[in-house]
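Next up: a single chain in structure tokens, the form predicted on its own.
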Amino acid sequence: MPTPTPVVLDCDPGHDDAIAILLAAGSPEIDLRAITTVAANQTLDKVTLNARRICSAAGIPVPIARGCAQPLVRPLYVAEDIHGASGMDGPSFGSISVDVVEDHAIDVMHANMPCTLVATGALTNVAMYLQRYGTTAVREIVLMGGSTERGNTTPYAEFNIYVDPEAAAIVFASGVPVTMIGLNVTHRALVTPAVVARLNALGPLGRTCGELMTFFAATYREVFGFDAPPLHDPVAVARVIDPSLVTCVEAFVGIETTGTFTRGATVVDLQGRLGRTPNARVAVDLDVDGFFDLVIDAVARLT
């Protein structure tokens, strides 16, 4: 087997972030060095508690470090309508056995370099890391965010980029290899009742995942009219585990930070009309069956 890819997972749990944590921890292709948290889906206190909850439920012993409680320049905007008051509503979690380290998230990232940063929340921590420590030790940034099409928070802005577009602009302009996994692909990763049934069959941890997805399905149905919720964040982890599952193309991505109606939009120049050098690999397709097989196998390893 090839050497596992060292990864720090920067996240804001979050229902789909919880599954991303399980996928990373349960996949032998990844050496999960640390989990860092950032305010986005909910406040920093809540998402950090949620990281501890899911790691305790799954027996994941990696360090968890708190990061930034606010975007770089804007007030925090949370997704309570999707993730609930706790940020990860649905299951009843047991006792917490995983604590938080004292060091700040960006210092924990630095201590684990060189590695791949997988970012599934707002990009505040990642931008702060790049500004403090530079780019040389980051092998790659694989992020869930943006879209080649329309948004899910405003007509043209996806949530993670909308929360901190200034941070996203820093990341895409950094020169570090960036892979963008956007809504255009993650909206294909729908958690159907058949997927929930596969999770529920895996025992207590699988049933916790099933309860998470059932709550997630209800809010997506109410807010967006989806028949099944899209499992956004684990697709970024899947790209690291098996790049063949997520087809990408090279493109220039600009981040809109000043538009009256387009704050947080990812301007993805798929046809090269702007004449700018590509600064990202942009996901354009997903092997849906292979992706869900990867998720189920990872949760099964942790049960």
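This is a predicted model, so every value here is computed, not measured. Numbering starts at 1 and runs along the sequence shown.
Another form, the form predicted in complex with a small molecule, is not on view; read the next lines as being about it.
Proximity to the small molecule in the model of the complex, defined as a heavy atom within 4.5 Å, holds among T266, N41, T36, N50 only for N41. Of the candidates N152, T208, T179, S147, N152 is the one whose heavy atoms come within 4.5 Å of the small molecule in the model of the complex; the others do not. In the model of the complex, the small molecule lies within 4.5 Å of some heavy atom of N160. Contact between L183 and the small molecule in the model of the complex is found at the 4.5 Å heavy atom cutoff.
Although the partner is absent here, D233 lies within 4.5 Å of the small molecule in the model of the complex, judged by heavy atoms. In the model of the complex, the small molecule sits within 4.5 Å of a heavy atom belonging to T120. Heavy atoms within 4.5 Å of the small molecule in the model of the complex are found in one stretch of 67 to 75, 225 to 233, 169 to 177, 102 to 110, which is 225 to 233.
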